[in-house]
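Starting off, we have a lone chain in the form predicted on its own, written out as structure tokens.
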């Protein structure tokens, strides 16, 4: 693993920093609509949204290392996201770039890059979460359409998404359960689709369950070959789990938690002076650094063109447990005041929301138990669970 950048990569880092100095000065209200609109316009002009995608589809044609540099520098400066269509940029777009027809690329990629639409992912089902290949949502070919019936659950942002990338079983008699699965691109306004929000502990509704009742999807909206949806999905999920960009976010949360410990008193002294608290913070810092190094290992394999394994599950597991642990520590630091929410709570209730919102991170992309099974079976070679 070589941590040294080439002169061209160092020059690109300097370019990104100069852009941030000019367009994101300290004190900028990054939440205002006017700023975000102008921000995304400038990013699109530089082709930094979808930066590593091929230029012929509207991307920047940048290298993988340059993309890492771009995300790192943006995260360090707490910049708004690179684009507003998260699912589209993280999962759907790369899948369409790799497996889509020319017509699908022309139809869907520009809207993803410009943030004109939102996408959700129809993967998990009530009986197929940890074992996604056991999904039973059916897609039956009827002339120029697939007729879809079934249910999905834990579908992020389905309530305000215009499109879904959906996995259905088109061959129920396949000898191997990973076969016979097909990937469809489904417009959420199609008749027969019902979305029911699932409220989490903090009152948010990031997740939903989605029902399909004789939903007709044009065959032209199939992504990849019929029965090859599992390969399309694995490629899409691999784009989510490198974890390098998440490291800076975790570091910021840990810095804020350290500051909270500095401002909070326990038994007549600052909480940060308590050896137990200091030990928990240092352990979290070490785990975050382990995530960074593991992400670099994964990146190195990508740069070498080597086959990608399941090492990214390590970072997914680290992040999930860190989110829970940091939230619990923040509430503990506040004592009985940790039960107070809203404006009267410490830091405006930030830590209460943080502690209650962990399911969105922990469940999304595979629960800790799923990641442990993947690590045990595919990395350590232990018997199948």
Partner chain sequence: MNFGFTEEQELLRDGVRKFLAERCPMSEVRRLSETAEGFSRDLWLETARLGWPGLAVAEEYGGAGQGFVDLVVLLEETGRALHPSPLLSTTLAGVAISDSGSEAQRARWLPGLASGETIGTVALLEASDFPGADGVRLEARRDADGLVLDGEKRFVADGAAADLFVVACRIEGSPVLAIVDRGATGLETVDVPCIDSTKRLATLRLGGVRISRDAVLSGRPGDEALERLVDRGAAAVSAEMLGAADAALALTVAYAKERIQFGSPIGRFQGVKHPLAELYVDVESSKSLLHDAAWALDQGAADASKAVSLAKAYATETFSRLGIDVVQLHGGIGYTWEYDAQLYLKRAKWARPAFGDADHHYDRAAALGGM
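On a predicted model such as this, the values are computed, not experimentally measured, just so you know. Numbering follows the first chain given and starts at 1.
Separately, the form predicted together with its partner chain exists; it is not shown, and the next lines address it.
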Legend entry - residue 17, heavy atom within 4.5 angstroms of its partner chain in the model of the complex: no
Inset, instruction - Decide whether residue 179 counts as a contact residue for its partner chain in the model of the complex under a heavy atom distance cut-off of 4.5 Å. - result: no
Inset, instruction - Answer with yes or no whether residue 314 is in contact with its partner chain in the model of the complex, where contact means some heavy atom within 4.5 Å. - result: yes
Inset, instruction - Look up in the model of the complex whether residue 372 has a non-hydrogen atom within 4.5 angstroms of its partner chain, and give yes or no. - result: yes
Legend entry - Partner-facing stretch of 220-228, 118-126, 296-304, 188-196, counted where any non-hydrogen atom is within 4.5 angstroms of its partner chain in the model of the complex: 296-304
Inset, instruction - Could you list the residues in 367-382 that come within 4.5 Å of its partner chain in the model of the complex, counting only heavy atoms and keeping sequence order? - result: 369, 372, 373, 375, 376, 377, 379, 380, 381, 382
